[in-house]
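Next up is one chain by itself, shown in structure tokens, the form predicted on its own.
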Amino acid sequence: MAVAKVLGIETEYGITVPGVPEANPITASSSLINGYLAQLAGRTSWDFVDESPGQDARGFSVDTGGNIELETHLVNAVLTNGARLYVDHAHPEYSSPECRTPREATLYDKAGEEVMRRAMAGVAALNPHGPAIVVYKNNSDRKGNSYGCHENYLMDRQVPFGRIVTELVPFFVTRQIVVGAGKVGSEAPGVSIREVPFQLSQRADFFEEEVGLETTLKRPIINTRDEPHSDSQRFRRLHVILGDANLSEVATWLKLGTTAMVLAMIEDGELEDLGISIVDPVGSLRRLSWDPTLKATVTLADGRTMRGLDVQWAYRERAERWLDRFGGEALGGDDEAHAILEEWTDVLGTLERDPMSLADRLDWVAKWSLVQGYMERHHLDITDARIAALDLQYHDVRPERSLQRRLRMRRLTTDEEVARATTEPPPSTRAYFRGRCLARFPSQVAAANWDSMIFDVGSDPLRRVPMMDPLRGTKELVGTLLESVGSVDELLEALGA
């Protein structure tokens, strides 16, 4: 049986300082995160001891050149909701806590947007006469630079990585027709806006390889980084760098839910005879993205051609059979799994009949509808600078400026749930233990990371509590204990640590 698909999203946000073109993005990102942390009672640093970004799933490692040591000098904190908030290269990044279901992960992704809004307000409060800092949830600066929105999924270590690649690539090449965030024009070298006025994905232009370790250069469709952040004998963490940063809650949920379902199918052997192998995955990824009519096809190794929709339907049909045979526990339960399958089916069917009617659910459709309507009303050409500005404004995180929020797209969460998720951890994973320890004993948590907590009990040595199983440390398992102890000493004694 497939392992539980513990999952989460890391989002690198776009950042700008309007009116200050010489602003340093690293300094601005640090100021932004400090603006949020200044509103909190305490601050706990990230522990880098288990980081190994150069470890490759294909069985070797690459020297990363000391990037981790460099990062330790930048702002890097753990939040009481179990998330990580830090400066990653030149961007503020929010890494959501580990979640048990796609819906829960969608909620904590939205909590990240709220954290960014509060961070912007915090900067204004700290420096009322200084320049504002503005944050966008997108993936491109329209100058040829892209930044990521990475997904993470727990997988069974026993599944050969080569089989994961073979059975996952066709799904990844085509899922953008559902979960792309949309972009005006293209940033691929030599491709003009006349050739590609609008495309489905923010990221497709920037991928150059089918499989690889890189995340910022020669980006691969399947990333091979092998950092399990858990028991490496049992688990693998699939690090997905292909996705767009979605604002639509339905799109985020489908992105996480359908991908988790496909990974569970791979683990359970459901896709071994699917018979879909795309000849040119990188080229196909771009061709499908550049075609909002959804008529573009991919060529298969056996000579057939299929539309992106056809490939998605093939995976969807297997998902129905898999769900009947194995149930939905891998996705957190039958209700969640059936709801994802039902929404996936409805969206694919609507894309066949009337794609633009999905403007209340899918980001790329919402943006394309917005752009076409604006051009028609104002008699503009796609090359007009106001259209590019419209594209950017869709992703503005400020509620009073965000065009996406004005569209009143369908939601899965409430504002109250999102606000609560900025401070309270999900109850269903080890993130609960991390977040509640930070809330209860902030001065005695020396540092934390995904798979351990380090406590300062006032005398040497520091005490490390390992958390190698993402499904341990839940509210059900440790909630009563955490609320009953009066000190860290009592907690560590009860845990035998």
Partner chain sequence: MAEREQVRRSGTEREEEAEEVSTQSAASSDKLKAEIDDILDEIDEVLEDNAEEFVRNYVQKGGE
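Residue numbers count along the first chain shown, from 1. This one's a predicted model, so the numbers in the text were calculated from it and none came from an experiment.
Omitted here: the form predicted in complex with the partner chain. The next part is about that form.
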Next item on the list: Among 422-430, 229-237, 169-177, 133-141, mark the stretch whose residues have heavy atoms within 4.5 Å of the partner chain in the predicted bound form.
Entry: 133-141
Next item on the list: Note which of 121, 211, 191, 356 lies within 4.5 Å of the partner chain in the predicted bound form, where distance is taken over heavy atoms; exactly one does.
Entry: 356
Margin query: Exactly one residue in 415, 400, 195, 272 has a non-hydrogen atom within 4.5 Å of the partner chain in the predicted bound form; which is it?
Written below: 400
Item checked: All of 215, 345 and 407 with a heavy atom within 4.5 Å of the partner chain in the predicted bound form -> yes
Next item on the list: Examine residue 291 and determine whether its closest non-hydrogen atom to the partner chain in the predicted bound form is within 4.5 angstroms.
Entry: no
Checklist line | the partner chain contact at residue 15 in the predicted bound form, heavy atom, 4.5 Å | finding: yes
Notebook entry, point to check: Just to confirm, residue 279 within 4.5 Å of the partner chain in the predicted bound form by heavy atoms?
Noted result: no
Next item on the list: Give a yes or no for residue 203: in the predicted bound form, does one of its heavy atoms lie within 4.5 Å of a heavy atom belonging to the partner chain?
Entry: yes
Notebook entry, point to check: Which of the residues spanning 81-107 lie within 4.5 Å of the partner chain in the predicted bound form, based on heavy atoms?
Noted result: 88, 89, 90, 91
